[in-house]
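What follows is one chain in structure tokens, specifically the form predicted on its own.
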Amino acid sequence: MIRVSTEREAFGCIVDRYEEKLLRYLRRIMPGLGEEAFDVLQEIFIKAYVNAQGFDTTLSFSSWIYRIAHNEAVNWLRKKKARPETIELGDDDFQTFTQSMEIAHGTHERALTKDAVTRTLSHMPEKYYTVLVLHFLEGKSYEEISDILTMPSGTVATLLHRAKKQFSSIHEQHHDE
């Protein structure tokens, strides 16, 4: 009985530590999710609890639970046959994203307004949008993204490079419209 109680307390600490972060991540990659975000979040924690014994200790726990969250988000979108029509960025997300993109990609010739960034992100393929969110908004390293998306770090670097190029290209296209 003591072991079960201790495990529950430990898992409670995990929930406390990751609930807000994972909910934010889900809302970033699944805009318009609303209250269903809590259902997806619950599924994430159930899967983490059930599979805790199989946790690969060579990975960081953060990467492992983000991988579960990412997979649950993808599964939810497939079930709903949905891709968000519009991406929602909070003011903090917008500031973080534009500052990071300017540092990583140089100063854009055209202003990055919140509407322009939102419109641009909404037109990007999921694989590019996801790596941009993980790197620039969630602050994940190439190695962590590699663990989350189960792909080599070199592939992550290539995807990020292509995503930044495509972001600029789409931004230029839609800015002219």
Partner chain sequence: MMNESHKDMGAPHLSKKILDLIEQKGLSPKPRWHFFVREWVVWGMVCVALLVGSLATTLTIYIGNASRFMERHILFSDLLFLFRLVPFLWLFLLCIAIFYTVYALRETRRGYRWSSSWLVAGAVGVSILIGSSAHALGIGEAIDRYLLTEMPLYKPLTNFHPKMWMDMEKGVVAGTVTEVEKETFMIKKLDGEILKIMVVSEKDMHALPELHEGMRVRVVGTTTIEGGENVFKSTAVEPFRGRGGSLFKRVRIPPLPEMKER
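From a predicted model like this one, the values you see are computed outputs, not experimental measurements. Residue numbers count along the first chain shown, from 1.
Below, we refer to the form predicted together with the partner chain, which is not included among the displayed structures.
- The partner chain in the predicted bound form comes within 4.5 Å of no heavy atom belonging to T130.
- The partner chain in the predicted bound form is not approached by T113, whose heavy atoms all lie more than 4.5 angstroms from it.
- Taking the partner from elsewhere, P125 is found to have every heavy atom lying beyond 4.5 Å of the partner chain in the predicted bound form.
- Under a 4.5 angstroms non-hydrogen atom cutoff, the partner chain in the predicted bound form has R27 among its neighbouring residues.
- The partner is absent here, but in the predicted bound form a heavy atom of L59, alone among V117, L137, I68, L59, sits within 4.5 Å of the partner chain.
- Residues are counted as partner-facing when one of their heavy atoms sits within 4.5 Å of the partner chain in the predicted bound form; in 115 to 136 not one qualifies.
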